[in-house]
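One chain comes next, on its own, written as structure tokens: the form predicted alone.
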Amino acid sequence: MLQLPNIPEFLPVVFGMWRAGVLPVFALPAHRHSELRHFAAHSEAAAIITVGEHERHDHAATARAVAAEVDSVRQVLVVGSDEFDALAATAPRELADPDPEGVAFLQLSGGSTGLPKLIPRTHDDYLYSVRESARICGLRPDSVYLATLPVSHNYPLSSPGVLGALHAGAATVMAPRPDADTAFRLIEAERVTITGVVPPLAAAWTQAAARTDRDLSSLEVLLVGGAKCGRELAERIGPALGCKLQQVFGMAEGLVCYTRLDDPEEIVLGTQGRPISPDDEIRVVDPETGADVAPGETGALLTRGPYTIRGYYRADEHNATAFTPDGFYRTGDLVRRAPGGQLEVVGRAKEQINRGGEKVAAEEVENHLMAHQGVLDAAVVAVPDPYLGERTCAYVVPAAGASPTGPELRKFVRERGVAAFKVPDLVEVVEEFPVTGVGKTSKRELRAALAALARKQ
């Protein structure tokens, strides 16, 4: 299991693992004990490679705590330690070539129920996605790619990401933080030509650009993805930053769509692009019946193609519902398809909250809240947010005689060792949940009713 921030060691460690046939499980720097323990146990990880203290968190201590609880973990290797330096100084050995069709690594799903699933990507399917992404994004040997987001995310890793830059012979710059001050300093100093951000960052950068004295003239392309980029924001990006906007929509499970650099403005501003491969198969269907909807109508996105997975790792029960019998992946996204094949993302069909590009499974957070002795029931919903797109709001019914407060419950969830982006932004304590006409609701119906209530407030 690999948990490294944006540091230079990330790439030699990853390529060393691939060359040796060791499978990385790409944990994010934001993940904490709860998630890491799940990933290590589910993957039967033999080792954890991490850093010491980073952004006020002792990752090495967390890794050692996980290793003490998961039997398969035999070693914790900390970048910068004597043990790591000794390993890095070891003379290279001749190794057999990896099997191109073999699994290269396990990526993390966004997760709509519970903790994220593990996504097996093969060398050949991922290299195809990287190669085509580099071509579509116009990467050249003289390009300079800025890894703004945590590089273990699928988006900054491969769309076109650091791997696309390497494939094109371009330079990569690792940003320790994504804020405008840090990014603008690096763009100026390293003459960055292309980078990728999520919509909230794009909004912050467009505002900061009006008052910066940094030279951003080298920036040619800003990719925006991870969540839908609204039309109003899309229109501001080019004038504010003096570069081209390129929208990207994809998933760690496979399918990636881009607007093209020569697309008409209306396509770039109003859609999230078309698939990278002519062999990507797209269906837009009625979520209830599974029948194809009429052209231009909203429906659930199904996809099948040369670089989209056929199943999650060790998840037979989930795979039975996540894929159709003929192998189409049910993405959980609601889309409209334009006449030219471009997709416009409308929303999510799954119970998943897209908080500034970070995916939060409502059920996982609900389970943490209900572990509190003062909570009888909990439901987590998305509420609109002008900066993040969506924030999380937890509605809580207290147990008899209990009176938990919002700050108390947020602190409780945080202390259970979850990523900070999963801690509810808002907590509302209510006497009871709304019910439907029959007096009893499913979690799906309950969340829908609470989300409607939150929007009215």
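Computed from a predicted structure; not experimentally measured. Numbering starts at 1 and runs along the sequence shown.
Here the subject shifts to the form predicted together with a small molecule, a form of this protein not shown in this document.
- Judged by heavy atoms within 4.5 Å of the small molecule in the predicted bound form, the contact stretch among the candidates 367 to 375, 223 to 231, 183 to 191, 98 to 106 is 223 to 231.
- Although the partner is absent here, residue 345 sits close enough that one of its heavy atoms falls within 4.5 Å of the small molecule in the predicted bound form.
- Contact check for residue 359: a heavy atom falls within 4.5 Å of the small molecule in the predicted bound form.
- Although the partner is absent here, residue 249 is a contact residue: one of its heavy atoms lies within 4.5 angstroms of the small molecule in the predicted bound form.
- Heavy atoms of residue 110 reach within 4.5 Å of the small molecule in the predicted bound form, making it an interface residue.
- Proximity to the small molecule in the predicted bound form, taken as a non-hydrogen atom within 4.5 angstroms, holds for one residue of 152, 195, 354, 303, which is 354.
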